[in-house]
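Next up: a single chain in structure tokens, the form predicted alone.
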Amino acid sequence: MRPRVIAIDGPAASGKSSTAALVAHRLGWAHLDSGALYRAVTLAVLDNLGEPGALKESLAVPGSGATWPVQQIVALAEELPVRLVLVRDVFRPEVAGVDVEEPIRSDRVTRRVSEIAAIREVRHWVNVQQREAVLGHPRGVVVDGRDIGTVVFPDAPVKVFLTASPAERARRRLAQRGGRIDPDQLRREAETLAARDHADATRPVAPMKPAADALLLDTTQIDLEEQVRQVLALAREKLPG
């Protein structure tokens, strides 16, 4: 049986989480932001295992003695635990029973999450949590991330890949933070997003890319309401009932 999943993938600030949340609400489904779970694992690592200066290098050599081995990350996620909790049709991340929706958005987590998310064992663990969450929901789940339609739910009946120009995504990200946006800020943010895109698209494990059967939707010049309308139209076409 195919999972009742709408998979929405795309790079940072492409609009996928906002679109997924609204699509889920209008269908009466649940929403799962896979990035929030990776961020929760990253927060748990930074708070409990420390923040070494050379995290990437030491992770590449488990058990080297430089820091903790990779396996310790998954063990920590299991023991605390890091988990998804369904709250009013939204899967929220918790660490040790505490809602971490706010702290996972901090700069310290943002700086490290791509490194943690690139680890094969972490990706496997997160994928298991997502699949269990979807199987346990009676209606359906809209899941957004970077490899949902290609790796996590390759049999999802509805797949969408959202993108937008780097400048537009940078503008959106800065607008979320509030305040005036100047050209230098915009350039720096676009460079940061481009570096994140490159890391996500070139990692050896589950690189970010559109599924072969995904609807490609460039959101540079369309607003959120139009994004939602197009995804809902595809869902009604593809999903029975």
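Predicted model only: the values in this text are computed from it and were never measured. Don't overthink the numbering: it's just position in the shown sequence, from 1.
Below, we refer to the form predicted together with cytidine-5'-diphosphate, which is not included among the displayed structures.
- [ ] Identify whether cytidine-5'-diphosphate in the predicted bound form is within 4.5 Å of every residue in the set 47, 72 and 95, based on non-hydrogen atoms.
- [x] No.
TODO: Verify the contact flag for residue 123: yes if a non-hydrogen atom of it lies within 4.5 Å of a non-hydrogen atom of cytidine-5'-diphosphate in the predicted bound form, no if not.
DONE: Contact check for residue 123: yes, within 4.5 Å of cytidine-5'-diphosphate in the predicted bound form.
TODO: Find out whether any non-hydrogen atom of residue 105 is located within 4.5 angstroms of cytidine-5'-diphosphate in the predicted bound form, and reply yes or no.
DONE: Contact check for residue 105: yes, within 4.5 Å of cytidine-5'-diphosphate in the predicted bound form.
Task: Touches cytidine-5'-diphosphate in the predicted bound form: residue 196 (any heavy atom, 4.5 Å) - done: Within the cut-off, so yes.
TODO: Answer for residue 160 alone: is it within 4.5 Å of cytidine-5'-diphosphate in the predicted bound form, judged on heavy atom distances?
DONE: Result no; residue 160 lies far from cytidine-5'-diphosphate in the predicted bound form.
Open item on the list: Within 4.5 Å, heavy atoms only, one stretch in 85 to 93, 72 to 80, 139 to 147, 160 to 168 touches cytidine-5'-diphosphate in the predicted bound form. Which?
Closed with: Result for this chain: 139 to 147.
Open item on the list: Suppose contact means any heavy atom within 4.5 Å; which members of 182 to 206 contact cytidine-5'-diphosphate in the predicted bound form?
Closed with: Heavy-atom contacts within 4.5 Å come from 196, 200, 203.
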